[in-house]
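Okay, so here's just one chain, in structure tokens, the form predicted alone.
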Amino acid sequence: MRLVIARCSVDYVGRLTAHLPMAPRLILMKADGSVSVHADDRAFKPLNWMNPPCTVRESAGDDGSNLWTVTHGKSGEMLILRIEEFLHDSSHELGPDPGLQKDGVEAHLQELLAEHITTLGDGYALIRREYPTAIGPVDILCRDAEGGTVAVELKRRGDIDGVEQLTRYLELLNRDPALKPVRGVFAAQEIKPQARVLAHDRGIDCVTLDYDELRGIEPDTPRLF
């Protein structure tokens, strides 16, 4: 990963145009080819970005500035960065990421739902847990009563990021002729309203899970927690 802090302006040229005037910004160039431009606010969300595949061409601008042209390999859309001054420039080899480790409750939810897969509906059958894909494992892959493939994403608290993650899995799985069509189920102990709206818009079903019910604990059963 290359991290650059620089005074720069950014122009986006594609389906629409956008301009960021000259200011100090952080530029991240990742090993996957993505380029993103960040300000010192807005949490993790970049001001502008280009997803891979893309190429970066460095040249000299007419005014003596450094000109970086980032071009998307498929759409031809461009980010044009005009760098007036470099404040920091460093590269770091991060290596493969081990991925997000689920906490105990989320991992146990997956195990319990796989064991009681008919919680999702009568006639459901498990294909496997942690179904591998090129962008990470799908929590649960199963078949419904009609034999259709269903990808399940599990969270303790379901938010928009979880729906986005499942959307990426579905896009990839539906390219596999042995599996498609694949529909999605977003399952969590609690699902935020915004996540439900987004899931519904994308044709993804939402299921609220009762952890104690999956564990076989009746509501009036005494327990220590």
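Residue indices: 1-based, along the sequence shown. Quick caveat: nothing in here was measured; it's all calculated off a predicted structure. For clarity, a rigid core is taken as the largest C-alpha set superposing within 1.5 Å between two forms.
The same protein also has a form predicted in complex with the DNA, omitted here; what follows describes it.
The candidate stretches are 140-148, 117-125, 71-79, 87-95, and the one lying within 4.5 Å of the DNA in the model of the complex by heavy atoms is 71-79.
Contact annotation: residue 167 falls outside 4.5 Å of the DNA in the model of the complex, judged by heavy atom distances. Taking the partner from elsewhere, residue 193 is found to have a heavy atom lying within 4.5 Å of the DNA in the model of the complex.
Not displayed here, the DNA is approached by residue 156 to within 4.5 Å at the level of heavy atoms in the model of the complex. Using a 4.5 angstroms limit between non-hydrogen atoms, residue 26 is distant from the DNA in the model of the complex.
The contact residue chosen from 182, 47, 56, 172 relative to the DNA in the model of the complex is 47, the criterion being a non-hydrogen atom within 4.5 angstroms. Shown here without the DNA, the chain has 12, 15, 16 in 10-28 lying with a heavy atom within 4.5 Å of that partner in the model of the complex.
Once the rigid core is used as the reference frame, the Cα position of residue 144 differs between the shown form and the other one by less than 2 Å.
Relative to the superposed core, residue 199 undergoes a Cα shift smaller than 2 Å between the shown form and the other one. Once both forms are fitted on their rigid core, the CA atom of residue 10 lies 2 Å or more apart between the shown form and the other one.
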